[in-house]
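Heads up, the chain below is alone and in the form predicted on its own; it's given as structure tokens.
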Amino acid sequence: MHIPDNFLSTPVWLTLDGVAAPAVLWVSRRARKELDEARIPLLGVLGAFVFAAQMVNFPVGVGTSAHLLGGALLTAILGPAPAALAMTAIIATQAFVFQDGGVLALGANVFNMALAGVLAAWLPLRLFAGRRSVGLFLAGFFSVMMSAGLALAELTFSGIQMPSKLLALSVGLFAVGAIVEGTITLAVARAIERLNPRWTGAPVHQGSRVWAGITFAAVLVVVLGLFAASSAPDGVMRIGQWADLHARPVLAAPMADYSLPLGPLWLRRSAAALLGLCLVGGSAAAASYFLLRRRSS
């Protein structure tokens, strides 16, 4: 789902950079009002879990894979503004540190997944507040379809020619990923609620079991994902292959392709992934702590 550099035309990525920047600033102000200090660790560990889950691609057919976006899960647990803030931290870290998504296309990816995707998740959660399971599934489903639809529109506006059959196939593959996203969102959110039925606004000592459980799950996802993840390209990269597009990063990331120069492949990948967990979790927690300090001052 991450759009790399050289896929979008300059007017498209420049416009979306200009839209995303003030939108993230507004979201940060909203998050400052919604967050409390007791939930900062929860935001950090959930951000790390979503980062880990995004590393694990699963096949959806026709030589294409998909991965969890996680915006719906974050929205269901943290609320829309903190979720958008956490997603922005994840997407920015992926772009600058791991070369996953373009630096110039950062505004597009943030707009698609962190802003519009979170909004698309929040609406069914509100509409089906009395039917939690339905709301959680639809939140995951529509967050993916919204992000995918915007990505397809941006590629089209950038001049990429997509025949109707290719477009229909792409939408179908994204829909398969959206169903998986909805199912995972429902399962994980319910699991967290079972760990602590009062996780919303829970004091620190009541939430510690949740934080420990999510942290363990994030590490487990990274370790298992190194061996089980599909090597097939995701939907956006697959469209790029069909359109004969080639990603051209504008910056050399220190851990491109989630790898460190440490020896065997498994060690390079696992070290980079675990370091990424720390970076994402720390940056999400630090951002929320900074916002709270500004609110208190």
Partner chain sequence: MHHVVVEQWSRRHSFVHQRDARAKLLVALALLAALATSPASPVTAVPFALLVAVGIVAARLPLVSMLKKAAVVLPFSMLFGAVEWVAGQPLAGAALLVKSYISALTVLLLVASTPQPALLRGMESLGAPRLLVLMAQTLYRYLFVISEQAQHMRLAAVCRQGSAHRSQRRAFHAAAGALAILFARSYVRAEGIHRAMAARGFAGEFHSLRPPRFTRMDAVFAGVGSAVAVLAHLLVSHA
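Numbering follows the first chain given and starts at 1. For clarity, a rigid core is taken as the largest C-alpha set superposing within 1.5 Å between two forms. In this text the structure is predicted, and so the values were computed from the model without any measurement.
A second form of this protein, the form predicted in complex with its partner chain, is not displayed here; the remarks below concern that form.
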Are any of the heavy atoms in F128 no more than 4.5 Å from a heavy atom of its partner chain in the model of the complex?
no
Using 4.5 Å between non-hydrogen atoms, is G172 touching its partner chain in the model of the complex?
no
Might T215 be said to contact its partner chain in the model of the complex, defining contact as any heavy atom within 4.5 Å?
no
So, Q161 and its partner chain: in the model of the complex, are they within 4.5 Å at any heavy atom pair?
yes
If the cut-off is 4.5 angstroms on heavy atoms, which of these, L138, V221, A148, V188, is the one near its partner chain in the model of the complex?
V188
Quick one: which residues from 9 to 32 get a non-hydrogen atom within 4.5 Å of its partner chain in the model of the complex?
T10, W13, V24, L25, S28, A31, R32
Is the shift of M55 between the shown form and the other one large enough to count as movement, that is, does its C-alpha move by 2 Å or more after the core is superposed?
yes
